[in-house]
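Before any questions on binding or motion, here is one chain by itself as structure tokens, the form predicted alone.
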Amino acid sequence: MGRTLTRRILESRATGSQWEGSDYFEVEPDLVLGHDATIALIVDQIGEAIERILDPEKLFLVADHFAPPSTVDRANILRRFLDFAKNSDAGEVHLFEGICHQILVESSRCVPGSLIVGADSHTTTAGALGAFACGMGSTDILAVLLTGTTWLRVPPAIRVPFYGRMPEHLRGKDLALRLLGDLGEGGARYKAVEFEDRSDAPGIAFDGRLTLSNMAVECGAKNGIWIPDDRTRQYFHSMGGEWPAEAELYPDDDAEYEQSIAVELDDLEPMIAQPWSPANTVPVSSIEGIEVDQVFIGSCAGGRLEELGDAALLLRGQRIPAFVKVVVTPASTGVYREALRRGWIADLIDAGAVVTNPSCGACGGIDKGLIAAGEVCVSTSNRNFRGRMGDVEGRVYLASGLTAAATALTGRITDPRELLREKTVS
């Protein structure tokens, strides 16, 4: 049988070492991603060995969690990270420019067909560009820095092709939540999820693809990768990248998949994940009317132009109900700048939202949008576990930017389809 895209990439980066009789290969990553919260954990272990980092040019470092730090402890963590970044001669260092996963995919360093490892589980986001990208623990990253290689088992793969035509009310987040509901939190444990857009024009927006790759890890996947197409090429070129001529970019025609989950787009509804699991999903229409205290539009799963544009569309010229907190956190300064240029930030502020600097912020329970005991929040982020965004007695629902914006406008969980129809009529 033929090889999946995941297998082709891993085999192309193999050093020649393999555990006999197994699918474990020693591989050489093209890029190593790290941020302040996880790289700081290995600074003491590196110590004088910092001069032994094999290829500093492969290091892609981003200060995004404590950006800027909200406590003295976090300021000290950030200081350790920045000292490491300075002394290591890292290839790229980004300070207060946004979330590492978004910064990476905005960079020409995220190359289709490449192998990327990162000290964060949502490194899988880069798979939207046709790269094999996976998260690792900080000590695994330490080993990669000092040896230049790591060991990976080629994961069995699940194929997810999308057919039909994307309705105007549907977003990549809805597709991710639908898939999570079908597979459950562990349904793709240590498997590759290989997405393919076979839908009718205009197809699935690239921001939506990023969200699907990002959230593949929520069902346990090792990576979530898209088969590259013209939209991939267009996006990569827009970020200044030169399309690789000799890359492993496609699966074999007879690639062997463990499972295939075909998704028909035409009749899908907006989805929402209830507390306290990203896989606890239902159609938004089934729980409409639940009053909310906060709406959060941000994170590496939902702080891109698609979400900000949807929020501006529904909130423009409107006013958010009193006592509903709406926090908007762009995923990067690039996203923030473009939203400013389009007038969306002014629309959101005029409606009563607060717009913060790009960072991980509320998503990880760090700052700028935490919730209190008993509060209900609808969030465009990727996780809604107990205590993830604040008090353990707070309740977080996960939804698309469109559903989040509709909820912000009404003050209760709202299916966005009726509001979209009103916009179309007006």
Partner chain sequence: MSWIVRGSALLFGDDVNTDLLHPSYFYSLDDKTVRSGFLGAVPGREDEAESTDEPRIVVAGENFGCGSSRETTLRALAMAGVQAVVASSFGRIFFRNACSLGIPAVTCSGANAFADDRDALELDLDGLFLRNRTQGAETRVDAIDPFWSAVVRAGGLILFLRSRGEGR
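Small disclaimer: the values here were computed from a predicted structure and weren't measured. So that the term is clear: the rigid core is the largest set of C-alpha atoms that superpose within 1.5 Å between two forms. Residue numbers count along the first chain shown, from 1.
The protein also exists as the form predicted in complex with the partner chain; that form is not presented, and the subsequent description refers to it.
Candidate stretches 331 to 339, 180 to 188, 86 to 94, 283 to 291 - the one whose heavy atoms come within 4.5 Å of the partner chain in the predicted bound form: That would be stretch 180 to 188.
Contact of S108 with the partner chain in the predicted bound form (heavy atom, 4.5 Å): S108: no, not in contact with the partner chain in the predicted bound form.
E26 within 4.5 Å of the partner chain in the predicted bound form, heavy atoms: Heavy-atom contact with the partner chain at 4.5 Å: present for E26.
Non-hydrogen atom contact W151 with the partner chain in the predicted bound form at 4.5 angstroms: Contact check for W151: yes, within 4.5 Å of the partner chain in the predicted bound form.
Partner contact for Y397 in the predicted bound form: the partner chain, 4.5 angstroms, heavy atom: Y397: no, not in contact with the partner chain in the predicted bound form.
Selected contact from I320, L142, L249, I345, since only one has a non-hydrogen atom within 4.5 angstroms of the partner chain in the predicted bound form: None of the others qualify; the residue that does is L142.
Of S199, S121, Q274, T232, the one that lies within 4.5 Å of the partner chain in the predicted bound form (heavy atoms): Of S199, S121, Q274, T232, the residue with a heavy atom within 4.5 Å of the partner chain in the predicted bound form is S121.
Contact test, all of T38, F66 and S138, partner the partner chain in the predicted bound form, heavy atom 4.5 Å: Every residue of the candidate spot has a heavy atom within 4.5 Å of the partner chain in the predicted bound form.
Partner contacts in the predicted bound form for 337 to 366 (non-hydrogen atom within 4.5 angstroms of the partner chain): The stretch 337 to 366, when checked against the partner chain in the predicted bound form, contributes G364, G365 at the 4.5 Å heavy-atom cut-off.
CA of T15, rigid core aligned, shift of 2 Å or more between the shown form and the other one: False for T15: its C-alpha shift is below 2 Å.
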